[in-house]
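Below: one protein chain in two forms, given as C-alpha cells, structure 1 then structure 2.
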Structure 1
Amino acid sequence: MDAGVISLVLFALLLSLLASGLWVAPTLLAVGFVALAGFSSAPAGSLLASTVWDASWNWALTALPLFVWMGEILFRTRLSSDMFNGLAPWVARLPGGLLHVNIVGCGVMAAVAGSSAVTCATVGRMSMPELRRRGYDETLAIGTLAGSGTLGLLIPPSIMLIVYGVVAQQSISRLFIAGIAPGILIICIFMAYVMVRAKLNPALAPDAGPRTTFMDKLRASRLLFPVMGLIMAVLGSIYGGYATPTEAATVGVVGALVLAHLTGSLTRASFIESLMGAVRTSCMIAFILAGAAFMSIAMGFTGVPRVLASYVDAWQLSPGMLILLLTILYIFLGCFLDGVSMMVLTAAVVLPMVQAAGIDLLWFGIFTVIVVEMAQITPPVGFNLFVLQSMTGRDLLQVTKAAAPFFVLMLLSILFISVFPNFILWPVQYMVQ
C-alpha cells in the first residue's frame, strides 16, 4: 500500500481512538500495533515489549521524576503563599503596579512547578483576591495570569523540555540553557504590554500600594530568594558542565528538602504526599513516552515518516513556510490535546520533516514548547482557561477574551525567535560541555 494512504489510515485511527476516550498511552500502543501487524511483517508482540522496556530505563529520562519531585516539595512549602507579599514591593512602582506580580510570580513559580495549570492556580489563588480588592481591572488580571501561567512549560527546569529532549534525542542540558533567554523574553514582552496598557489607561491599575524601603523589600521576600538561589544553582551547575541534568535534579531535591525543613513545612505526611504526587505525574508521562517510542518504531517500519519528510523537498517547502504550517497544526491540535501528548504524538512524523528542511532541532524544541504554551490558552481545551474559569467564576468566553492579547504576544515572540534564531542558539554555544 502507498505510504500516503497508510499515514492517512493511521492518522484517522489515532484521532478516533483519542476522541472515543481511550487513554493516550494505550492509544499510542494500539496505533503502533495496527501499523506493525497491518502494514509490515515485523513481529509486533516482541517488538512491543522490547521497545517499551528500552524507552523505560532511558538515562536521560531519570531527570524527569526528580525535577517533578523537587517541584512537589517546594510547592508544599510556604513559597506560594509568600509569593504575593514577596514580589509586590518590588514591582508596585512600575506602571501597571501589582499586575506585574502575576507575571513575575508565574515566572518564579514556573521554574518550580513545571506545569502551567499548577503555576497559574498557585499564583492566582494568592493574587486574584488582592488585585480585586484594590480595584484592578479584572480582564487584565485574568489575562496576565493565563498568559504567564504558561511559562511553566518553558522556563527551566522544565518537564516539557525533558520530554522533548527524550523524544527528539537532544541534550536536555542544552535545551534547558536554550529555554532561559526566550522565557525571559516572554516575561519582558508581557510586562511591556501591561505597562503600555496602564500608561494609556491608568484606571486599569489604580493602587500601587505604600512606598517601602529596600530593607522592607528584602524582608518581604526572604523565602523567595533561597528558592531562586536553588533554581540558579541547579541551572548553573548544568551550564558550567559540573552536573548532568539528573545530578542537578538530585541536588535540587536535596536543596528543596533542606528548604522545606528550615521553613518548618517538612513533615512525614508532606514528604510522602510530595513523593506520591511525583509518582503520579512522572508515571503518567513516562507511560506516554513508552507508548510513543513503540508507535515511533512501528511508524518507521511502515516508512511513513520518510515519505512525509520527502514531501518537504517535493513541495519545495521553505523552513519559514514549514514553521508557519506547523504553528497552525499545533494550535489546532492544542484545541483538544494537552501539551505532552501533542508533542509526543507528532514527534515521529514531524521531526524527520523538520530535519529534512534543515531546521535546528534545539531551536525547534523551544519553538514547540512556546506553541504548546499558546495551546494552553486556546478553547475549548485550554487547561489555564479552566483554572481561571473556576477561580474567577467567569464563563469560558470571557476568560478566553482576556487571554487573547497574550496569545498574540506569544505569536510575536515566535516571530522574533524565527527571525533571530541565534537568540536561542547563542547562549548554548558558551556552555561548558
Structure 2
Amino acid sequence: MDAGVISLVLFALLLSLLASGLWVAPTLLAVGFVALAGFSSAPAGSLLASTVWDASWNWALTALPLFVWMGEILFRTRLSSDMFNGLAPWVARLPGGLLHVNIVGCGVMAAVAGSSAVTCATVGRMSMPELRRRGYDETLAIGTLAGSGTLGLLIPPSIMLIVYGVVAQQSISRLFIAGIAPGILIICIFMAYVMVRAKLNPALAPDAGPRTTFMDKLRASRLLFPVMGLIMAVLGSIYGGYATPTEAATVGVVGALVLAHLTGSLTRASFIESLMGAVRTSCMIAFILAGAAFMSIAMGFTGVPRVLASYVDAWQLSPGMLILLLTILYIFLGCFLDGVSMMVLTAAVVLPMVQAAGIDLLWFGIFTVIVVEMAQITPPVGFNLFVLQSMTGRDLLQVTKAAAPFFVLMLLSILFISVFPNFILWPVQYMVQ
C-alpha cells in the first residue's frame, strides 16, 4: 500500500482513538502496533517490548522527575510572597507598576519550577489579591499571568526541553543554554506591551504609591536571595561544567527541601504531597514518551516519515514556509492536546521533515517549545487558562480574551527568532567554546 494512504489511515485511527477519550499514551501504542502489524512485516510484539523498555531507562529522563519534584516542593513554600515583596520596589515606578511583578516573577519562578502550571499558580495566588486590592485592571493582570506563566516551559530547567532533548536526541545542556535568550526576549516583549498599554490608559495601572529609596530596594532584595541562590546553584553547575542536568536536578531538590525547611513549610504532609505530585506527573510524561518511541519505530518501518519528507522536498517549500505551516499545525493541535503529547505525537513525522529542510534541530527545539507555550493559552485545553479560571473565578471566555494579546506577542517572538536564528544559536556556540 502507498505510504501516503497508510499515513491517512493511521492519522484517522489516531484521531478516532483520541476523540473516544482514550489516554494519549495507549493511543500511541495502539497506532504503532496497527502500523507494524498491518503495514509491515516487522514483529510488532517484540518491537513493542524492546522499544518501551529502551525508552523507559533513558538516562536523560532521570532529570525529569527530579526537576518536577523540585517545582512541587517550592510550590508549597513561601516563595511567591517573598518574590512579590522583593521585586515590587524595583518595578513599581515603571508604567504598568506591579503588573511587571507578574511577568518578572513568572520568569524567576520558571527558572526553579520548570512547569507552566506551577509557575502560573505560584505567582498568581500571591499577586492577584494584591493587584485587586490596589485597583489594577483585572483583565490585564490575568493576561500577564497567562502569558508569563508559559515561561515555565522555556526558561531552564524546563521539563519540556528535557522531553524534546530525549525525543530529538539533542543535548539537554545545550537546549537549556539556548532557552535563556528567548525567555528573556519574551519577558521584555511582555513588559514593553504592558508599559505601552499603561501609558495609553493610566487607569489600567494606578499609581504604585510613594517612591522608595535605593537602600529600601536593596533591603527588599534580600527576600530574593534564597531563590536566586537556588537558580545559580542549579544552572551554574550545568553551565560551569560541574554537573550534568541530572546531578544539577539533585542539587535543586536538596536546595528546595532546605528552602522549604527554612520557611517552615516542610512538613510530613507537604513532603508526601510534593513527592506524589512529582510521581504522577513524571509517570504520565514517561508513559507518553514510551508510546511515542514505539510509534516512531513503527512509522519508520512503514516508511511514512520518509515519504512525507519527500513530499515536502517536492513542494520546494522554503524553511520559512515550512516553519509557518508547522506553526499553524501546532497551534491547531494545541487546541486539543497538552504540550508533551503534542510534541511527542508529531516528532516521528516532523523531525525528518525539518532535518530534510536543513533546519537546526537545536533551534527547532526552542521554536517548538514557544509554540507549545502558546498552546497553554488556547482553549479548550489550555492548562494555564484552567489554572487562572479556578484562581480568579472568571469564566473561560473572559480568561481567554485576557490572554489573547500575549498569544499574539508570542507569535512576534517566533517571527523574531525565525528572522534572527543566531539569537538562539550564538549563545550555545559561545558557551560551549
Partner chain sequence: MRRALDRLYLWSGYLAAAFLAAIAVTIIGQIVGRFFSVAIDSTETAGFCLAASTFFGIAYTYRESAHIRVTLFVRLARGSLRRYLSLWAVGMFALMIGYLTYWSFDLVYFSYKFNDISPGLLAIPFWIPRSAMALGALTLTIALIDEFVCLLRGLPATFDAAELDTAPADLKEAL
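Here, residue number means position along structure 1's sequence, counting from 1. These numbers were taken from a predicted model, which means no experiment stands behind them. Rigid core: the largest C-alpha set superposing within 1.5 Å between the two forms.
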request  = Just flag whichever of structures 1 and 2 is the form predicted together with the partner chain.
outcome  = 1
ask   = Under a superposition restricted to the rigid core, does V387 display a Cα displacement of 2 angstroms or more between structure 1 and structure 2?
value = yes
Flag for A249, CA shift 2 Å or larger between structure 1 and structure 2 after aligning core = no
key: Rigid core superposed: A348 CA moves 2 Å or more between structure 1 and structure 2   = no
Core-aligned Cα shift of Q398 between structure 1 and structure 2, given in Å = 2.5
